[in-house]
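The structure tokens that follow cover one protein chain in two forms, given apart as structure 1 and structure 2.
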Structure 1
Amino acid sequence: MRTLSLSLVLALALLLGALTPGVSAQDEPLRMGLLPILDVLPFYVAQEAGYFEEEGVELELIPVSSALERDQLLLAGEIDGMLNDLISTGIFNQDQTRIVIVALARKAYEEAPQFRILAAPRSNITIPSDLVGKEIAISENSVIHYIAQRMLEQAGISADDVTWRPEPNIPVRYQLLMEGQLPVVVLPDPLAQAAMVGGAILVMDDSSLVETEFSQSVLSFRKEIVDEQPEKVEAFLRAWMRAAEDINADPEAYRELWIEHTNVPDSVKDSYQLPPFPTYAITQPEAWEDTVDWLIEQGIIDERPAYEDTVDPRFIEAIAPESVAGDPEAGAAVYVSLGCAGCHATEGDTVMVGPSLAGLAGRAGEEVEGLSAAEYIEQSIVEPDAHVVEGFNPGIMPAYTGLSDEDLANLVAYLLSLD
């Protein structure tokens, strides 16, 4: 197994754990370690709006300067939870369950990617095939490394076709790219967009992974907190989801708060479009198993952490509305990512492989007695042969049973907007 900084931290923390109690008292606040990144915005929105207080949970937000510092604090029991990623979670739980994922915090959308592969300004690298034989700078054995490899594979390029150059410091990686000292790098947004404003060339981004949801960040707590203080975790998530819904409804209202609490490049602080935040969603087995596959293939971990031990959906299930109202804009992104436009027109009476969806909102509620428009559309997505439109054959449209509840609700909302 490779020697990793986090592995060393784990070893030290386990020694300290024998001496230091790890569980907060019931009357102590939940302590969350936060990097200054876009993903943590709902924490500050909920804090400013008083949602944590309204939900009866006292929360202490502890800024950290690096993932390593965050992980050290959590392993020492000095913070109770954090926003992290699946790679980090897999390393934490490689030989026992130390942290538990309780919700999805952010993910890549078609129009809002999280990571981008960028080429240096004025380089001749413009399309994925140009990357073959090139050196790509990454944070080795991190989520950036993992997502970069999966992006390449989506474009038909093997990880062996490129050379991976470790450069863990993201600002340094950015600077070396802009100076032309690095030919290709992988950067997160919004820094990636700042690089593009400065002349860096976008080669590809993780919007190609939207359907798989491999590119995501998560909300995690120490296992002791989840087991012994579940009411605090649930209250925290209710406040978080309220904040995420506020951001999705009016992202511009929170631009100043985003700039105040995270590292935002000056060149994009006024122009960057804040992305949607997933609500009432949690990591699905496909994304977790693929992450673990990669960690084992890379020799980063030996043991396979089980999905059931690592991901706890009960909190989301407890707080999610019976019918989650979908977001038509996010649903449009789902529609594109699934390739629906290749078979269905959304304007006029154009007939492609399948019937036109123009005006669907006005007629869907009248198609099947007893089914509302939303119910008819949802069933047609997950069971397409249940209601075959006259003049078309069954067995052509695939059943999209793997969609998350949120993506399905958003897709239905988009289709209901086609009036």
Structure 2
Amino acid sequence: MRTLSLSLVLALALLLGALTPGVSAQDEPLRMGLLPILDVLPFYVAQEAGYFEEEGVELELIPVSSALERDQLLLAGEIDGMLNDLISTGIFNQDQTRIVIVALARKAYEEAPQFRILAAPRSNITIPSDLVGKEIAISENSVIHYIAQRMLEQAGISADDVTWRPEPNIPVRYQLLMEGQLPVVVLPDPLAQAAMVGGAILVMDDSSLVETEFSQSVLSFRKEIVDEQPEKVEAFLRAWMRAAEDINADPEAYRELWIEHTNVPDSVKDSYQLPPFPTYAITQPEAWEDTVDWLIEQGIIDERPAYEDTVDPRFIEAIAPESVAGDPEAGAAVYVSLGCAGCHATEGDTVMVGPSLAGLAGRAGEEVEGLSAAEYIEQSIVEPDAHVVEGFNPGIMPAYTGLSDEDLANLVAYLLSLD
């Protein structure tokens, strides 16, 4: 049985002339359609912290129960923006720019995949090559279908080596997997983790797509909103990014809010680790072009919506905190004056009290998920026990909390310059 696809809804909406832009006066709130999924957590964090008010934007959060409902509301002009994905964006914009992506909302990380290919409990499907010839249940023509196909291709399995079985209802897919009635399904976290707790076998996840950022969700608005009320969009994004930073700094503090507002299976309420949220980032051309390639290959759309028309990086650029460009030479002097050299070598891999800092730039970006090289180094200095280097003990390096922003930026620049 096929469900009504977005393409069809779009065709109907066009036919009925439902696409007239909603009247949106300047003092109206921004209406956002929110699925009960993990990705939308920053909306609730920002709301609870009062960030929307502080940034001077009124938001109306409108819960929706399915992507289809969300998309219909958007087409009818009843919501102004939403959290969605690249596949949905490509379908919306197939023949004209209806929505514009203004920021990345979530993406797969090494330790925090978004989608997993799971085999039924007690089945003998355990590794990717076991999937050949099997039936894989997905939501057809959705981001799940796309990401599943790209995961398989990473493992050298082509889309034609398996049978794709449409089963659009995610809870049903979960249920049929657990009962052994579906051999293989694709599910998003945290439901996928709940399945694993219940005995489902993890075959693959989208951490193999971390580099390409194919697996991502985005914040997008109707084009009229972006064109006519850019200041509202910008204020919204400031609040969102503050919330995302709060979650990254202390994920545990938001567990309750996450459980309250999204669908969280009981079995993983306490164990699921909240993922990092990307900040001040936006969809890159590579991910967009790959999404469009897939939509065209699948015959879902005929024309290629251009990256420049669909993705607008202006807002993120306007609000990203200016990174204080440090001066490595001044940083070298700070390094000496603070006595760092008493515990760290800066050449070779000599271990003094602490590890050698040679080549730090090359590895610092991979130490802590969600932290860039500069952020990791800064954290190492200000809060050394937040992440302790393997093979060393906490509590030895003093926390340098009293440094001026300038000294800190210079010090980070110096450490980044060590080969």
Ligand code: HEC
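Only the largest set of C-alpha atoms that superpose within 1.5 Å between the two forms is called the rigid core. Numbers given to residues start at 1 and step along the sequence of structure 1. Given the structure is predicted, the values throughout are model-derived calculations rather than measurements.
The form predicted alone: 1 or 2?
-> Answer 1, the form predicted alone.
Superposing on the rigid core, is the CA of Gly331 displaced by 2 Å or more between the two structures?
-> True for Gly331: a C-alpha shift of 2 Å or more.
Align both forms on the core first, then report whether Thr346 has a C-alpha shift of 2 Å or more between the two structures.
-> Indeed, Thr346 is displaced by 2 Å or more.
Is there a C-alpha shift of 2 Å or more at Ile381 between the two structures once the rigid core is superposed?
-> It does, since the Ile381 C-alpha is displaced 2 Å or more between the two structures after the core fit.
With the core fitted, just quote the Cα shift at Thr401 between the two structures, in angstrom to one decimal.
-> Reported C-alpha shift between the two structures: 32.5 Å at Thr401.
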